[in-house]
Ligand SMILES: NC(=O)c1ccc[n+]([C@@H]2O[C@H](COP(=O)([O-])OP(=O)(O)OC[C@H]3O[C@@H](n4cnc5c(N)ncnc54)[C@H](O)[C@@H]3O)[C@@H](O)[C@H]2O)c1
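Single chain ahead, written as structure tokens, the form predicted on its own.
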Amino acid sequence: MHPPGMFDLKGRVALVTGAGQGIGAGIAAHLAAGGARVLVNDVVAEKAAQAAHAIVEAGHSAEPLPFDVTDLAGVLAALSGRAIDIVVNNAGNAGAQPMQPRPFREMDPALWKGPIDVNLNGVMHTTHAVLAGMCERRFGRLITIASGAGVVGLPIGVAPYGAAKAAGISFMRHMAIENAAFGVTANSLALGLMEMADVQDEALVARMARSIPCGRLGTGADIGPACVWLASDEAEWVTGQTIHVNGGSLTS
């Protein structure tokens, strides 16, 4: 998946949250193919186990590590005693529950909690759990999967989600500056429209694809290589950045 000798992650331990399916599973597979031992997290233990098994079946190293990123005590317990070099904060949307898009003026305030908990608090929880160890070992890679919705306004009823993604981006910038001297980098990937397994409406998918200059929705195979690069030694001078991976759309 990459040229020999470049982007070598051998000896590194990577945690990918929300990696039981979709984009997260693609990211985990690419990191494992790059040589990392991948801890496959998902709030659903079965999904984490299946994704980890697929990586092992492909000849790489992985183990499932189910926990809920919005539960700080659970995150700390799951990661205690583990020396983690790379964290990809991929868990998103509205967490364990599906997102319910609607105009903010019509939104029940109860619907704000899920997107903010997973997209901001979840990122802070995992970061807090691993950061001291990264600084002590003088190496760390924090990568947050953000969204174009965190960079530009969109008329699709996802204001709390967008606000939480923007907050995650800002948090990564602060982590970059606070921890650069310790060999820790922190970056965000702002994604465009991605494939979703639960969307069965082919006409809707085709309409979404036509809105993207590259002519298709993104997949985990598009995001995984960017994560491998940011996780590698070659990206040690890249920190505090928000990189758009979106097929040419949603650029600021």
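Nothing here was measured: the structure is a model prediction, and the numbers come from that model. Numbering starts at 1 and follows the sequence shown.
Not pictured, yet referred to below: the form predicted in complex with the ligand.
Note on contacts: among L193, A49, A226, A33, the single residue with a heavy atom within 4.5 Å of the ligand in the model of the complex is L193. Taking a 4.5 Å heavy atom cutoff to the ligand in the model of the complex, the contact residue among V87, M134, M172, I145 is I145. Look at 112-120, 151-159, 176-184, 78-86: in the model of the complex, residues with non-hydrogen atoms within 4.5 angstroms of the ligand sit in 112-120. Although the partner is absent here, S188 lies well away from the ligand in the model of the complex, with no heavy atom inside 4.5 Å. Proximity of A164 to the ligand in the model of the complex: non-hydrogen atoms within 4.5 Å are absent; the residue sits far from the partner. Among heavy atoms of Q21, some come within 4.5 Å of the ligand in the model of the complex. Residue contact check for G140: none of its heavy atoms lie within 4.5 Å of the ligand in the model of the complex.
Contacts between 66-83 and the ligand, taken as any heavy atom within 4.5 Å in the model of the complex, involve F67, D68, V69, T70.
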